[in-house]
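Starting off, we have a lone chain in the form predicted on its own, written out as structure tokens.
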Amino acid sequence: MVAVEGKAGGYLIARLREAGIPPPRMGVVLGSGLGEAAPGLDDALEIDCRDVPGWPPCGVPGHAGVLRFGRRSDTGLLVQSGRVHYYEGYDMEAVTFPVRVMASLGVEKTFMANAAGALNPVYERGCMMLVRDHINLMGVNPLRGVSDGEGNPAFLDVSNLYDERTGDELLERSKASGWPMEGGTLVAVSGPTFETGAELRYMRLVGGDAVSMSLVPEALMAHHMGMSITAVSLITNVWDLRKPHSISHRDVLKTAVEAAPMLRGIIASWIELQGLAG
């Protein structure tokens, strides 16, 4: 896959040079219906993911499959609108391909956003959960078969996977701005079915605050590749753990569109914090 990633990176670097845009040092990944939360960019260049060699096509509604490059405060920024998922039939190499391409371009700091259902009854529909930690129940790890520089298995320390300092500062800014956001633990499942009542009660029992079908594999790979990661889940529904209500992907997208302006403000604050951190 390294050759394919290199080909994709080479294609994107050539396009950036033609447009006079610096390589990105920060990356933003937006999931289900969250494309409207994309930050504004100076000298923006938009590229269809289908034009990038080896990039897996996005096949789920609400995932545009578009890359936008540009400047933000004189720093190169990449915005990925739409992702691919394990439940679509892709393997973990494909799911994490965009993250590996980001690394090849020189991205050092990432902001990842997705949609999730709340397990914690304190959360309300439309609020944000800052991902402080995760529980991987997908039954697969994207680092399976990956080796370190010495050929050993990637025994990665994930005790500090999500950037604690940036998370603390983002929570403070959210509080000051009136954005409803709490820190919590994200449970990752493979999907594509939504969860049964028994599964929901189990995930809450073991410490989960919200559940989703994405983000965790990308975060693991990004951490392995040395990136700083901040992740936020939009709560699109709050599960009743006694008797789950019906939910559809259409409901998820509706909430995502409604929450986009707030998430855009959160992302702008994250970008500013990265500049302050130097």
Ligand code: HPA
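Please read all numbers here as calculations on a predicted model, not as lab measurements. From 1 onward, residues are counted along the sequence shown.
There is another form of this protein, the form predicted in complex with this ligand, and it is not shown here; the text below is about that form.
- Residue in contact with this ligand in the model of the complex (any heavy atom within 4.5 Å), chosen from G117, G208, P142, G82: G117.
- Contact annotation: of the candidates L215, V232, V252, I229, the single residue with a non-hydrogen atom within 4.5 angstroms of this ligand in the model of the complex is V252.
- In the model of the complex, no heavy atom of F69 sits within 4.5 Å of this ligand.
- Although the partner is absent from this view, F194 contacts this ligand in the model of the complex, with a non-hydrogen atom inside 4.5 angstroms.
- In the model of the complex, at least one heavy atom of W239 sits within 4.5 Å of a heavy atom of this ligand.
- With this ligand left out of view, the stretch that reaches within 4.5 Å of it through heavy atoms in the model of the complex is, among 109-117, 71-79, 134-142, 169-177, 109-117.
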